[in-house]
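Here you'll find one protein chain in two forms, each presented separately as structure tokens under the names structure 1 and structure 2.
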Structure 1
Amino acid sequence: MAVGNKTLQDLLGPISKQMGHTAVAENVELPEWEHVPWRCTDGMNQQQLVDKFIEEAGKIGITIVRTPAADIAKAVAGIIQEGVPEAPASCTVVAANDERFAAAGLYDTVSGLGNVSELTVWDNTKGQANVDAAEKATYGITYAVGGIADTATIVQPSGPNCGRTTSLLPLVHIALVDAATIKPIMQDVMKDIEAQGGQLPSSICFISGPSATADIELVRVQGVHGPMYIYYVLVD
């Protein structure tokens, strides 16, 4: 038999046969799961969830900045002004195209900073130029759609106004996240996504901290291929 170009039936046939099935079932219902694991976020109110989120973030090298919604521009500007050791004196920034950023005057504030030479706002009509800007950028700014208290995770989907590389290629990732969107565990986020229905984003990335490795003698090093630093701007 020739190799390659097999059909789904070629793959399924031996599996069904081994299972003693004459045909693949039309429908299989999920059972009621017998085991319901206790989780440390059980019973927490929103305030406690936010506290947990902050506590967990502190354990994995994330810097948290809290701000009221009206002051997000100031909060982000503060991070960029303070800078990180590896940042050049004059740096570039890439940011998601988000109405909340525009409304808060974030684009103007950031591009007006003394140490920022250029700000690129994600524009899907400009194609690859966005990725090139992200590749050069020291800072990438995104607005996450949610957070997970248990693991200090943010939920970052890709889309026309915010690419996969906005939060990946820059040296520093600044992620805004609304405190009200912080859920106890990943299951709650998944439930919401399932409930929304429709076509899923092509990519949903759950981000928990800076890119890191311990491949050399188990010594933890921050900043491998993704951002070396990550800031969560927690918006109240």
Structure 2
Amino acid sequence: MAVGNKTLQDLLGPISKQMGHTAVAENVELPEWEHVPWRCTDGMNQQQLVDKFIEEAGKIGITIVRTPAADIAKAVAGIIQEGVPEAPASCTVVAANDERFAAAGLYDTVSGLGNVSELTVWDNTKGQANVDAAEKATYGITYAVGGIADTATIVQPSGPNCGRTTSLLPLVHIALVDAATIKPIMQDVMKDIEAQGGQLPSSICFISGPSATADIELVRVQGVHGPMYIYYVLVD
């Protein structure tokens, strides 16, 4: 392979020589490390991972609501009824098209709230109309495929039943996550995704708290590139 007027051998040869090799190795074997990095989640059982997830969420401005699976509609409705300072008196909601939401009666419950003027359930056949609904929505509701205890991160793939804008454009993101799916660190989640095989989704968002930036004079501002408020509904 040539890079400009240089070959790969030209680039790697001097490095290989400095490492004491007579030639560039054709294959590289993973070394056997004498020491491995310590992880704060090492040795934790599932309940401890959940506790760690909740603890880290509090540090980055995420509100945790715990609920049994049978009451997810009630939990989500409570969040919307409570509202946030920037929410209008009459708000709109966009939600993933998820059979768990339908089975729990979430769509009927949310659309029946007095402060909800419109509920849009993601419909892949409607294309841009879904994005337009998410752009104007106050609340976006999704069901994450898992969580990461170390950083209170949720794993949110996109797909035909839940476009990425559901979690990225509304003022408030309400993400449901099963407590049993919380993993210690990101590598564990990636291993699970890799083990599933098949075609990957068009994107997988790793979301750790409200959108924020401190680029300008180191002043932290939330909601510049996405939701200002994040709620994790932790399903036990």
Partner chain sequence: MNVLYHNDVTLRERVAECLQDDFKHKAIETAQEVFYAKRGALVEEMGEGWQELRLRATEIRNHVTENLDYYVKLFAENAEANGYIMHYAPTDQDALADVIDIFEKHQAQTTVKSKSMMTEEVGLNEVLEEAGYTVVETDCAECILQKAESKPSHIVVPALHFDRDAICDIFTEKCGYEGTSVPEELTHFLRRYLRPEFLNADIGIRGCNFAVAATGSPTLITNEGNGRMVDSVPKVQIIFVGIDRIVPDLQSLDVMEALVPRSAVGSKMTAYFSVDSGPAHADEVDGPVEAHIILMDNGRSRILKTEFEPMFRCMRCGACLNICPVYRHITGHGYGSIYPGPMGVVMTPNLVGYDEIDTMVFACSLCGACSDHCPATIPLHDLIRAHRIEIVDEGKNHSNEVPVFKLLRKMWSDVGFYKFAMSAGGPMMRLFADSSKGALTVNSTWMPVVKGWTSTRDFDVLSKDRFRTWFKNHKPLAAETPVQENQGTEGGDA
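C-alpha atoms forming the largest set that superposes within 1.5 Å between two forms make up the rigid core. Since the model is a prediction, treat every value here as computed from it, not as a measurement. One-based numbering along structure 1's sequence throughout.
- Here the chain coming from the form predicted on its own is structure 2, while structure 1 comes from the other form.
- After superposing the rigid core, the C-alpha of Thr213 moves by less than 2 Å between the two structures.
- A displacement of 2 angstroms or greater separates the C-alpha positions of Val36 between the two structures, with the rigid core held in common.
- In a rigid-core overlay of the protein, Ile15 has its C-alpha displaced by at least 2 Å between the two structures.
- At Asn27, the distance the Cα travels between the two structures is 7.4 Å after the core is superposed.
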